[in-house]
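The chain below stands alone and is given in structure tokens; this is the form predicted on its own.
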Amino acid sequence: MDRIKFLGDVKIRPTLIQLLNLGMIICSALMIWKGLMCITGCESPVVVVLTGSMEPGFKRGDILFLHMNKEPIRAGEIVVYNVDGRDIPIVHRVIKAHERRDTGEIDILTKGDNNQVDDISLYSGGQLWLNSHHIIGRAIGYLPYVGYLTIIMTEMPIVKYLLIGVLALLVITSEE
């Protein structure tokens, strides 16, 4: 009987408003992300540095802002790339870039600043160079250590679920 009384006390209109607010927050975040994709020309305009391979320039947990344009990639630039068969993008510096005269395609060789050897061992089997379709974007700025929350949530999924639960509880139980 108490359960029925509790269900009768729940006000449907404020609950629906809270759920709509939660939906608007999620939609707003997605619109901002898609807007950044259009402005920067990158499929992933923001990435987190996951390893120390780019130290001392970028440390683990730094957030990088990316941009991609039509200009050819040159040696010395820091790029984020994806190789076939790997889901996680890699942040490294271009050490060699060769433009093919016949096609105009650029062959790129990368290396982490803190690594002893180039990245050929990270590329797909038998691949010696990256091409422009592997490049996600060029690093144009960064925020130090801000991405550690992402790393913690990836390495300890319970933290992610707790954070999502707390945020959902705050949205649902707030008065406004």
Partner chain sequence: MHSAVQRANTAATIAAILLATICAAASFLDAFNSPSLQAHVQVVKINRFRRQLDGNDEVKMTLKMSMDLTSLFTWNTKQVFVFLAAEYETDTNSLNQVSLWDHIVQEKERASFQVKVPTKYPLIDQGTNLRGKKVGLVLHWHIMPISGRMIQGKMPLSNFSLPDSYTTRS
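Bear in mind that the values here come from a model prediction, so they are computed numbers and not experimental data. Numbering follows the first chain given and starts at 1.
Not pictured, yet referred to below: the form predicted in complex with the partner chain.
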> Which of these stretches, 26-34, 119-127, 142-150, 39-47, has heavy atoms within 4.5 Å of the partner chain in the model of the complex?
Replying inline: 142-150
> Given that the partner is absent here, does Glu99 sit within 4.5 Å of the partner chain in the model of the complex, heavy atoms only?
Replying inline: yes
> According to a 4.5 angstroms non-hydrogen atom cut-off, is His134 in contact with the partner chain in the model of the complex?
Replying inline: no
> Closest heavy atom of Gly57 to the partner chain in the model of the complex, within 4.5 Å or not?
Replying inline: yes
> With a 4.5 Å heavy atom cut-off, would you call Arg74 a contact of the partner chain in the model of the complex?
Replying inline: yes
